[in-house]
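What follows is one chain in structure tokens, specifically the form predicted on its own.
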Amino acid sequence: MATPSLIQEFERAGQGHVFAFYNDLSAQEQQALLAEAAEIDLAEVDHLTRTLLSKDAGSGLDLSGLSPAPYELRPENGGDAEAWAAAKATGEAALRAGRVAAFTVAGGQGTRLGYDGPKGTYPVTPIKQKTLFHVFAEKVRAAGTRYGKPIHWFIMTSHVNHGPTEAFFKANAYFGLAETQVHFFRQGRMPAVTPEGKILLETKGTIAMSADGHGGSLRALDRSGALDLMEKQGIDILSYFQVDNPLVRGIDPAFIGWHVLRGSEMSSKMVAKAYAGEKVGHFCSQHGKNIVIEYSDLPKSFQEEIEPTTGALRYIAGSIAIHILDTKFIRRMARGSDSLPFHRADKKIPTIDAAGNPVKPDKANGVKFEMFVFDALPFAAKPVVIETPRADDFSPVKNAEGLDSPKTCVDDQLRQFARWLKANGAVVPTDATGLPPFPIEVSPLFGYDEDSFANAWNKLVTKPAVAAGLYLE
């Protein structure tokens, strides 16, 4: 029987306390605890204890040889218009050939929004109140129609929201996509440990487990069989974006084309930082490699450094978690010939004491381990970073109020819709920021980017007046 051997493995690894209350549990609770324990790679936990938790573990970030990463400027900002046109044509060819799939990291809950449910089920559009998942589904569907190839969509959930997410898609008939186009899989988990590396129990029968970070998506793609499915379908380009950003162009031909033309294994989009201390990662170069340094790690003096010739911020390229990855590169990163590093995060972790009584700590009592997807950049051959307009690609919904809230996101959607309409000759009243005074909405099925919107608008024999409540589908 497998049960004793698993318990013995934990005992040999010095983690036998995980089963301290095993005999107090019901048979069902015992099976649940064993299933959680079976997720844990004890050798990996031991390695992380020795490397990240030991007194000899390196502290502080190495900033030697650091410089801003190069990136491709947009044509309107001085970039090569012919190169962008060639990239777009190449990306469109890749889409018509069925080489591209979409990938959404969607393990989060809507807790910070005061919403009880998977974040992807949160409503975000101005009039129809479409959810994040609904918006992305229509973008994927419309792009598939435009390029004559249905696009596969891979969605990484978490153990907390996997069931509700699948149920949500079924209840909404997959928003018009074929069920065979949409693929769900769970993110991996890691146990939380004490500062000495002992695995923490949440209750007598459950381990304190947490998601392994968005970098864990690369391992999850491999372990779930998603990469095998892509290989069978002839997909070798994966467009990565996070669930909280409805403005994202998840299927962007120019971005795909830059990735293909450069022979890149991992490509990224950047926006010019709005101000020195904006809370985004920074694209940097170091010792011939591209890296991303988080805002919390890059010293203020670097963040505020100015280019003497232009007066602009020197470290201006902000990371917005939009990437394209080569599927063979993902496989290599997942299998360990190259692998993402784990980071430690000291946290307050609800646990139990030696007698099994609940403990709610008032300060950090444990460590969570997580991986960041941008840590794959230094391993990637020929990485490319391209500039993207913030107004076309980035308006996340993170906070209930203030910055990056539902209100700011709706306003940014309205500005985009108004901009598209104006560019095609429509009369739209707006304020100085481009915001119309009334709600309008454009379904991605009508237009999901400037080009597709222009095509659909110009086909209309009679153009509707732009007024409060206009909805285009």
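In this text, residue numbers run from 1 along the sequence as written. Bear in mind the structure is a predicted one, so any value in this text is a computation, not a measurement.
What follows is about the form predicted in complex with uridine 5'-triphosphate, which we do not show.
Checked against uridine 5'-triphosphate in the model of the complex, the candidates 257, 107, 246, 383 yield a single residue with a heavy atom inside 4.5 Å, and that residue is 107. Though uridine 5'-triphosphate is absent from this view, in the model of the complex it lies within 4.5 Å of a heavy atom of just one residue from 331, 99, 130, 398, which is 398. In the model of the complex, uridine 5'-triphosphate sits within 4.5 Å of a heavy atom of residue 156. Though the partner is left out of this view, residue 146 does not reach within 4.5 Å of uridine 5'-triphosphate in the model of the complex, counting heavy atoms only. Remark: residue 213 counts among the residues lining uridine 5'-triphosphate in the model of the complex, judged by a heavy atom distance of 4.5 Å or less.
Within this chain, residue 242 lines the site of uridine 5'-triphosphate in the model of the complex, having a heavy atom no more than 4.5 Å away. Checking 311-319, 107-115, 265-273, 227-235 against uridine 5'-triphosphate in the model of the complex, the stretch whose residues place heavy atoms within 4.5 Å of it is 107-115.
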